[in-house]
Ligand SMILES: C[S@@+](CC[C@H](N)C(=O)[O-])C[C@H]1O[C@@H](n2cnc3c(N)ncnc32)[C@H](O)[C@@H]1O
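Here you get one chain, nothing else, as structure tokens; it is the form predicted on its own.
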Amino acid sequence: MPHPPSPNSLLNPEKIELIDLAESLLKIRSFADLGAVWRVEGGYTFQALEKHDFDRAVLVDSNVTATVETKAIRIPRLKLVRGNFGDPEVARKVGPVDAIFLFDVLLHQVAPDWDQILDLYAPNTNVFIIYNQQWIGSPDTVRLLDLGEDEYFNNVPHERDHGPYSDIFTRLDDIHPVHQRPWRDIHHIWQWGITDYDLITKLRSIGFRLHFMRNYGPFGPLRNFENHAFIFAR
């Protein structure tokens, strides 16, 4: 039986380069990596701490695995915060850091929405490092569920019977047993198509200027999404 891939083999070199660039360009000394565990076992946090002489780091996730916990114990500079990073109490535990990493997570955030997440963390950081699947399907940001079932599944990288997507349109207003909120508001499914214009405009409105942006091209077969990288600072 083949072994599952190592978390390090799943790290995206484009995100690693983005961290390297921010460290070099803006001399950041501390960071918080939000939603950092899924699939990569905190790999970007551990890679950044190994490669750069950061003074302090915070890894945040609602599901901190035993693998992550075991590795983190050996790194005094690293603080683990368990919980949903959209919770103001979790943001308070994160505290002030030079930079916030948001990798592949903004498009999942509802109640609070993606833009409210930026509001929540803006007072405690000077840099946002963002890698997100950005919407190019229309001039405006869209809530993907509002597209209807057929168009929704034309614009997400999952089949209708995959995990939390199974029968999602029949239970949008049912309360999720774990998160105690409607299924339409859980972060396990794709929620938003966020345009570059709306992301840049939002961050500008809260005092952040775009320092770097790169288009890494299409996200898989999805014609309305591209991988875009950003560094915002003030």
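Start at 1 and count along the sequence shown; that's the residue number. Predicted, not measured: the structure shown is a model, and the values here were computed from it.
Below: the form predicted in complex with this ligand, not depicted.
Proximity of 128, 132 and 212 to this ligand in the model of the complex is absent: no residue of the three has a non-hydrogen atom within 4.5 angstroms. The contact with this ligand in the model of the complex, taken as any heavy atom within 4.5 Å, belongs to 63 out of 180, 70, 170, 63. Of the residues given (37, 49, 203, 26), 37 alone sits with a heavy atom within 4.5 Å of this ligand in the model of the complex. In the model of the complex, this ligand sits within 4.5 Å of a heavy atom belonging to residue 44.
In the model of the complex, this ligand stays beyond 4.5 Å of every heavy atom belonging to residue 114. Within 4.5 Å of some heavy atom of this ligand in the model of the complex lies at least one heavy atom of residue 83. By the criterion of a heavy atom within 4.5 Å, residue 156 is excluded from the residues contacting this ligand in the model of the complex. With the partner omitted here, the stretch from 102 to 110, 146 to 154, 70 to 78, 159 to 167 that lies within 4.5 Å of this ligand by heavy atoms in the model of the complex is 102 to 110.
Residues are counted as partner-facing when one of their heavy atoms sits within 4.5 Å of this ligand in the model of the complex; in 187 to 219 these are 187, 188, in sequence order.
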